[in-house]
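This document starts with one chain, in the form predicted alone, laid out as structure tokens.
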């Protein structure tokens, strides 16, 4: 027999799905997730997810871009090609403003994209949930909660009973 990945359960409508997520969170499960074809307002809070760390990556990218732009212009004006223009000093933060601005925006965007990939663990080429026909219906109108077997509280019988108690239907154990 193959190893179990976890158990999935379907829910009939969005309110039932939302409240079931709150109950799973309150039960203390850590390795679980919700799947739907559309965003459900407030679902991250219902799942107990902390605030996203992507803005930290954006900020670091922006600071790196600003610093890089300032350093490039400073190096070129002060050492590489010192040229006095209009009686201004070799380095002034006024002239490189477009370069600093553009590099700040560019590296902020790269930081955001990279942070999104890192925090979402992408690219993920394989997920055992794709082996379930019921899970594939999530792209239609199915609302699914999946509790993974690697969760500390996971017990095949108790978890299945818990999902039935909170209103889950079409409960299926997914193999890894």
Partner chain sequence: MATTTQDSSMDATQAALLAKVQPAELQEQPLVTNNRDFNWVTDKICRIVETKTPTWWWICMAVALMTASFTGLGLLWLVSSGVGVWGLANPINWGWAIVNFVFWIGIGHAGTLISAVLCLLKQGWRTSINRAAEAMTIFAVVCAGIFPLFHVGRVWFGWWLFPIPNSNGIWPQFRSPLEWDVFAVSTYGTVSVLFWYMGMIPDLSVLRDRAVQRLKKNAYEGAGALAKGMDIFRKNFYAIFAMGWRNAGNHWRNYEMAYLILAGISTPLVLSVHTIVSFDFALAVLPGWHTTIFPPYFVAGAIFSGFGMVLTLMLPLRALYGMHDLITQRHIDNMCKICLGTGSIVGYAYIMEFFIAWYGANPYESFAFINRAFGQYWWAYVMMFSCNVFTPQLFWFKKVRENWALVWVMSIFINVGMWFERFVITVTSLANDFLPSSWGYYSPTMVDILTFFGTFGLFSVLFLLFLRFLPLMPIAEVKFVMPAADPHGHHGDAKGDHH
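Numbering follows the first chain given and starts at 1. Think of the rigid core as the biggest set of C-alphas that the two forms share within 1.5 Å after superposition. For clarity, every value in this text was computed on a predicted model and none was experimentally measured.
Beyond what is shown, the protein has a form predicted in complex with its partner chain; the following relates to that form.
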Exercise: residue 153 in contact with its partner chain in the predicted complex, heavy atom 4.5 Å = no
Is there a non-hydrogen atom of residue 28 within 4.5 angstroms of a non-hydrogen atom of its partner chain in the predicted complex?
-> no
Residue contact check: residue 131 to its partner chain in the predicted complex, 4.5 Å heavy atom | yes
Using a 4.5 Å heavy atom cut-off, state whether residue 93 contacts its partner chain in the predicted complex.
-> no
Would you confirm whether the three residues 158, 162 and 165 all fall within 4.5 Å of its partner chain in the predicted complex, going by non-hydrogen atoms?
-> no
Since the partner is left out here, which residues of 78 to 98 would have a heavy atom within 4.5 Å of its partner chain in the predicted complex?
-> 80, 81, 83, 85, 88, 89, 90, 95, 96, 98
Please say whether, between the shown form and the other one, the C-alpha of residue 78 moves by 2 Å or more once the core is aligned.
-> yes
Once you line up the core, how about residue 90: does its CA shift reach 2 Å between the shown form and the other one?
-> yes
